[in-house]
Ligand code: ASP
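Only one chain is included here, represented as structure tokens and corresponding to the form predicted alone.
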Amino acid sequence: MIVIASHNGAIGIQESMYVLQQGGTAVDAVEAGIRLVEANPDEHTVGYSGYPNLLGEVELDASIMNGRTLESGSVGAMKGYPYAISIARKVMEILPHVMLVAEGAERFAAEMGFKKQDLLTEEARAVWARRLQQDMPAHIFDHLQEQTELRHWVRLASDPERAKGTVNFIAQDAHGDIACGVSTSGWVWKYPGRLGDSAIIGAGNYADNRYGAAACTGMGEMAIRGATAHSIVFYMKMGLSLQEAGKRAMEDLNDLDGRFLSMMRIIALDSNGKHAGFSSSEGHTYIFQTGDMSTPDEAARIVVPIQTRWE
């Protein structure tokens, strides 16, 4: 048994392992770990207290995938419900669909009995207002909902190293089944309705018992264009080792062209329980815990440089 997670999953990884030790499935473990991150008011890139979009609204994306069945579920641009990972799981288990977004996701959450909640905390709102008011005239800030050229202000979200955050969890249970999950409040000060890779199976999240699993954080638009999470699993299917597969998927991002390119980080697990992390820049780690460990440990991510470009 093993659980690996992005560094901000520290608050949930021991609960995730406890679920496995009590006989829970990999899907159970992933959901349990991510829920604690989603409820953490000190984590501003996931769930409750997540930083909002340009209009000051918190929109959540999440997805979960069962590597045994290849079933998956996701929600995107969802407001008012903090446990996006649990709602994504309900989509997977109850509906014939994979993804619900916006009002549809919110309606489904209500049908499933999830409690509605204001996700924007005073702290997060203050940071949002302070940032926008640095560059935005008062007459625009005070009437954001009525703006017809909001697109021009997306440039306020254009700090590649600070504008993104996601929690990633991958678990393998006692039966060898693998599951993967991601949850995020997305790119801070994003254009309303923006979906990143976290809601998209194959981009930010992919799991297949036969080969392994991967999850991404960083510039989601790049992971979408490169199908990055699926690429790692596919490269392992083609016979590459976990480290080779991760490096190849990262290097694939260098083939992307366009005006906006930024950083990428990945965690990955192969079917034998070997784990690795990858980053386009130095100094980043991930965490892991096996069934015989009482506390999680930290490991350095393998650095694979990729090009950056920001108009």
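For clarity, every value in this text was computed on a predicted model and none was experimentally measured. Numbers follow the displayed sequence, beginning with 1.
Another form, the form predicted together with ligand ASP, is not on view; read the next lines as being about it.
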Verify the contact flag for R194: yes if a non-hydrogen atom of it lies within 4.5 Å of a non-hydrogen atom of ligand ASP in the predicted complex, no if not. yes
Heavy atom to heavy atom, is G218 within 4.5 Å of ligand ASP in the predicted complex? yes
Check G212 for me: does it contact ligand ASP in the predicted complex (non-hydrogen atoms, 4.5 angstroms)? no
Consider W187 of the chain shown here, and say whether it contacts ligand ASP in the predicted complex, taking contact as heavy atoms within 4.5 Å. yes
Which one, G80, G104, G202, G165, lies within 4.5 Å of ligand ASP in the predicted complex by heavy atoms? G165
When ligand ASP is placed as it is in the predicted complex, which of 179-187, 143-151, 229-237, 130-138 ends up with heavy atoms within 4.5 Å of it? 179-187
